[in-house]
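Two versions of one and the same chain are coming, encoded as structure tokens; call them structure 1 and structure 2.
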Structure 1
Amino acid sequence: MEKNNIKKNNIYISEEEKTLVWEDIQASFKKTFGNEIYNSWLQKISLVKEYNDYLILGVPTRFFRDWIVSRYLDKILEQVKGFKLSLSRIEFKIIEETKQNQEFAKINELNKVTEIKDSILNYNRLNPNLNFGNFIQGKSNDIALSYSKKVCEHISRYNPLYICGGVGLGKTHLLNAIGLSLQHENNVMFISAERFMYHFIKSIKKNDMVNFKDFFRKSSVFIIDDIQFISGKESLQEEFFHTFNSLMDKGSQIIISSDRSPMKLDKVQDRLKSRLAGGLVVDIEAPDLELKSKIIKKKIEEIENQFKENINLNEEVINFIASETKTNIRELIGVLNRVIAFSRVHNKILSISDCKNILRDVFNQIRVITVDKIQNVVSNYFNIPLSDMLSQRRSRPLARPRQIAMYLSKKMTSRSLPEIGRRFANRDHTTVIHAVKTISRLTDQDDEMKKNINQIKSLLLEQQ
């Protein structure tokens, strides 16, 4: 501990309290990366917020972020660690360049306002890049899109509007677009269910429920993302139910997204499910080839306009990317960015076989194992319901699989201990540490455990 402390005026300042001087870091970027890369990319990054173990950096566009992440992230992290040891990751936030300075001023201003408001605004601001203008219509999202637009024309006609669909199919994009289109004339609140819970718990701990209730109930448009998160969380459901009713009573529009339809929500009170289903439920399905090609073309157009350059991808290659990307649109865009980056670097028109090579690499990277996937595979493997595995019950038949899932989450994903804890029904990170230690020890000592772990690992890898 002592070692990391700096002595200053006879007071020991811990490493964590140090505040970064962004100009110094920028100077080191320039030195490390060279003028060209610095001027075209790194110079445009700004420091939005500094935490103990991570930084939020501002970048002008999504593409910019993807580019930085795919090429420079490791080096950037290495650099900033040189300034602050405790940093372990970097998050990016898209802030339009012209707005950056105003945003900073706004954030500073808002820091003085109440805490809930402050952190909601910092974390849940609407993203100007996810609007109706750049949401491409296709057969799979046609109905969801048209009702999203209708909600903006006639508030409270379809109430609540419930949009469901698998990951990466455009739910958050649509929710954001609704928020953007309504924000000028309404008090729009946009929050993920996870964040809602975070504030809920924080307010309980601080004995500040009055403020919490006031804050959420005063919106005239309440948009909540990923509601499936409330599964199994009784008191959160209770609070949400009351928030929901009170908003409906005063005629506020509610828009909800979820990975499944209301009645299929697991471990959610029936009365809440029927409330959620009481308006209009629309779903987004997996995109067909036509939609995928349209999205690729639109993205190329956006990049060409933004960077004033030609992207050389022919029709054949576009079709190839569209047909090879099987799962979702987020993945499709990731693949496209890599292909474009490659064609830029090599300055050539790509052939299908170039694309095949790139895609092989990309898929190896993209098909990452997630905590969700681990939880599902482990609970299936031990044949116990997922909700029991995540519950607070401590009996051995539940506790061991839970610990195994935590252990694998630590070993096989890049999530931090607190993040893993949060995904396991909001457990503390010390519980995760304990689980990792216990299972590590058991895999060494116990052949049965070793066999289980290996089988689960291969199941996870097989599912790629």
Structure 2
Amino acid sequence: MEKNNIKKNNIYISEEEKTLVWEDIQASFKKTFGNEIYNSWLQKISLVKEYNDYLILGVPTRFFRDWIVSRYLDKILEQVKGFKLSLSRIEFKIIEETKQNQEFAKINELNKVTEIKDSILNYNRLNPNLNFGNFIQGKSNDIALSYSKKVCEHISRYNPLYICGGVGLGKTHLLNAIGLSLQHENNVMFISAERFMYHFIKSIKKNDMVNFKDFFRKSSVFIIDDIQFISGKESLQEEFFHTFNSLMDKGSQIIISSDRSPMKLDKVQDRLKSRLAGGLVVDIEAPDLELKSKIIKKKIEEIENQFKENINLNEEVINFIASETKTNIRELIGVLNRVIAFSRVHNKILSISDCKNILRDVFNQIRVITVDKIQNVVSNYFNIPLSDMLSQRRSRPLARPRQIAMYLSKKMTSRSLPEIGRRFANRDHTTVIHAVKTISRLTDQDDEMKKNINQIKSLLLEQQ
């Protein structure tokens, strides 16, 4: 029906439908998403064509499009449907850079981004409290600690040094300690992968990639935390690959951390995995009982010195906390803080029985609930093979249990949406979002669904 459309201000508008006023839609974006997201992303979207049931929107680059689609598309569609109910989808078109630059020249002038150097100083300062002196050594981390210290003695001997391990086991502490040891005689760059991406995007938007490349490739020690964050981001991986090669060529030391080994990184280019695995890969494992006890005692000592008070926890209680906390050091400290706070409020020396009562709900949550456990319990509950539930088949007898498992994974674990999606046969995080919304709605509306969810939760909590 394109012949029934008229052209106005370079926008095709259906004569049969209400004409959209893009400025009004942009105003709603700003109100809904907030100034930061709007100024960084949504302000640069332009309306290219309007049809009865869909829109074509213009964006400056492919990276820009992929970022918006993966994070904001559902809410954007929801917003525009408020202005025109017949809209059911949005398509994006990469418009010419020259046109985009002319269209937003004034906007760029009004939205100057902080210089990269100042921004790095503001967000990525080395923490003086995370040094080698207060890193507690044990069997689970002694290899990683040893090679971290050796890197400080002989730069580029182990290059790159890649430290991997689960959340809250001390990876960032070691990276920070390396940076503190080397910063006085070297140009040290310490940054998270997420922050690296932030500067990458800002530089693209400002057409300032030359300064970006110069800034990140001049360091003699380059430390980057949580490299798994670049998963699935092709443009970012491309830039990091060239930054990595440039630093290696000039003899800079590179130190990297991740929650998994290089070859297990999902949606990362093979050539980049090969580079990351080409140096020394060391693993930090979950702490054993001895290390957890040492950490607890060290933390008690720090609290006593800081607040000038005695913490009355006997050896039995310390061993109980250490043995019952099954996850990571960060959660171990959280459990300890809870026990100390209870002891302070009630002014009493706690027994193991007291601790069991205080921490009953905590241990139920942190001890047993994993995505794997949820998948197995759900598949058994509905009497379907786990392989079928995780398959690409979309039949209702499989789809609903799969959605329930995704919903419980989001509600009962600390895993992110992309991580949960990967555990369900590499599904996209938007699939997980849809599952969570669907099951949340059904739980409110359907007594049978609510009963199923509660029974599965009980099974998960009982299997200790």
Ligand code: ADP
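Between two forms, the rigid core is defined as the largest C-alpha subset superposing within 1.5 Å. Residue numbering: structure 1 sequence, from 1. Keep in mind that what you see is a predicted model, and the values were worked out from it rather than measured.
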Answer for which single form is the form predicted alone: 2
Phe83: Cα shift of 2 Å or greater between structures 1 and 2 (core-aligned): yes
CA of Tyr162, rigid core aligned, shift of 2 Å or more between structures 1 and 2: no
Cα displacement of Gln375 between structures 1 and 2 reaching 2 Å, rigid core superposed: yes
Cα displacement of Gly421 between structures 1 and 2, once the rigid core is superposed (Å): 15.4
